[in-house]
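Single chain ahead, written as structure tokens, the form predicted alone.
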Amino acid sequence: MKRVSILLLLVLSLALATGVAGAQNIELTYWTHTDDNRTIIENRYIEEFQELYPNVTIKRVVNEAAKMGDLMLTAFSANNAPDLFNLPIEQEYGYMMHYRVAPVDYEAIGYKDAQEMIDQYLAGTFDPVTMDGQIYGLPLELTNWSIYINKNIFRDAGLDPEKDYPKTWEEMIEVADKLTLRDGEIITRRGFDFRYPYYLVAMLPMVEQLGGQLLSDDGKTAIVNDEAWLQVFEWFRTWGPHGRNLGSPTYTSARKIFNMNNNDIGMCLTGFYQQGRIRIDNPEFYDSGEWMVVPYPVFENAVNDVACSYYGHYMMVNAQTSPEKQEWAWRFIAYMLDHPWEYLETVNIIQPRGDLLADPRYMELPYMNVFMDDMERGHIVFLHENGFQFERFIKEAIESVMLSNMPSEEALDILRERIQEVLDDQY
């Protein structure tokens, strides 16, 4: 571990930089996703940074997480993207592959070189953002998802949350059905519902459990193991309004309503960060002991024990912005990220820094063992320069089965054809 904090190095280096840059005014635009807890601390970091460096002005723009990928794509297409931003790595990857983002400026963030930076983080942290020997992002967080449970709703349905939580996807359907309440065909309480916009993170591992893949090992052929895909498609058909009517993408996101404890969702799929959001949205529920976290399920006939994929939100800098802005953007990013414990304790997001992970307090955090065990069972989310596009295709296939009752074989053929067309154009 370094004996001198990154923050101290930044203060010293920035003091020197200010003398050189002088009165040159720098205006930076920072795009990020909604998180009330993170907004509180990051607005303070901005104020502190601007007080230290009055020539720098930072505008922080918050976007809804599910819409930010589209907004960023539009902004980059119009050559009007923000100076710095974060997205899930599966959405950022294409910008890196096409050199739309700038490599990390090690001097600006207080390191002598890449290796000194790499040594401060969990092994493999920078693998997803490394290309041609350059590193293109700093991790705001590394996260995975497990299942949150409302114990009261389990007991209301006559179930023991400690014993009866679903261990398999087949059990998920049965348990969710017992938890679900309806007014006619309208669901008034869902037992569980999926993270529908994020099919690469949460749905593709279901296929992998059954031995399927999105692409062949050489990356040239779409869809490996049709039977695995068809079984997952049929699971979603059973789940949706044409099956057992347990949920669908048309309902409000389950994780958004879980915190309120309004007897309208029994389980949701989300990350460690959800705990910070429960704490701010509903302190009484947070302190009640009436919620718990359990592992990501597997299919009964699974051939691989694969948990939900983990992914990172990496801070990146727009390569089209001026060299001066790039330097100051990296300086500000480093200033923000030199508060790993505050991010963890206030926002419940994990920066994979060695000093944080080695602290004995880390594993004492609520249900951290569940998330770490699931991370051991999982792997980094599927990454491809066209990954965001592929995820759209998967979304359309799954939802055509769930909502339009399209035959699974037809939906899979369309999915294969669309992905293969992209691959053929690429190769």
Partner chain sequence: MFVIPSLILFSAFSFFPIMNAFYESFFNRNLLSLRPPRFVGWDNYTYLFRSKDFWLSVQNTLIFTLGTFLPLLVFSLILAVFIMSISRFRRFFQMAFYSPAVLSSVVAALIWLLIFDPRGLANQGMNALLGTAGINYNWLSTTGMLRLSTIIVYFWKYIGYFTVIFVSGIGSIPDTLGEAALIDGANRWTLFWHVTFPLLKPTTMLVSIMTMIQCLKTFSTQYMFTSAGAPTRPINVITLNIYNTAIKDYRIGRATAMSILLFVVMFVFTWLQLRVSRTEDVSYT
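Everything quoted here is computed from the prediction, not taken from an experiment. Numbering follows the first chain given and starts at 1.
Another form exists, predicted together with its partner chain; not displayed. Remarks below refer to it.
Residue in contact with its partner chain in the predicted bound form (any heavy atom within 4.5 Å), chosen from R255, H339, H242, K167: H242. Comment: its partner chain is not present in this chain, but in the predicted bound form one of K112, H98, K220, K178 has a heavy atom within 4.5 Å of it, namely H98. Only one segment in the set 299-307, 220-228, 131-139, 73-81 has any non-hydrogen atom within 4.5 angstroms of its partner chain in the predicted bound form, and it is 73-81.
Three-residue candidate spot E385, K395 and E399; every residue lies within 4.5 angstroms of its partner chain in the predicted bound form by at least one non-hydrogen atom.
Using a 4.5 Å cutoff between non-hydrogen atoms, I186 counts as a contact of its partner chain in the predicted bound form.
Contact annotation: S404 falls within 4.5 Å of its partner chain in the predicted bound form, judged by heavy atom distances. At a distance threshold of 4.5 angstroms between non-hydrogen atoms, E417 is in contact with its partner chain in the predicted bound form. By the criterion of a heavy atom within 4.5 Å, Y286 is excluded from the residues contacting its partner chain in the predicted bound form.
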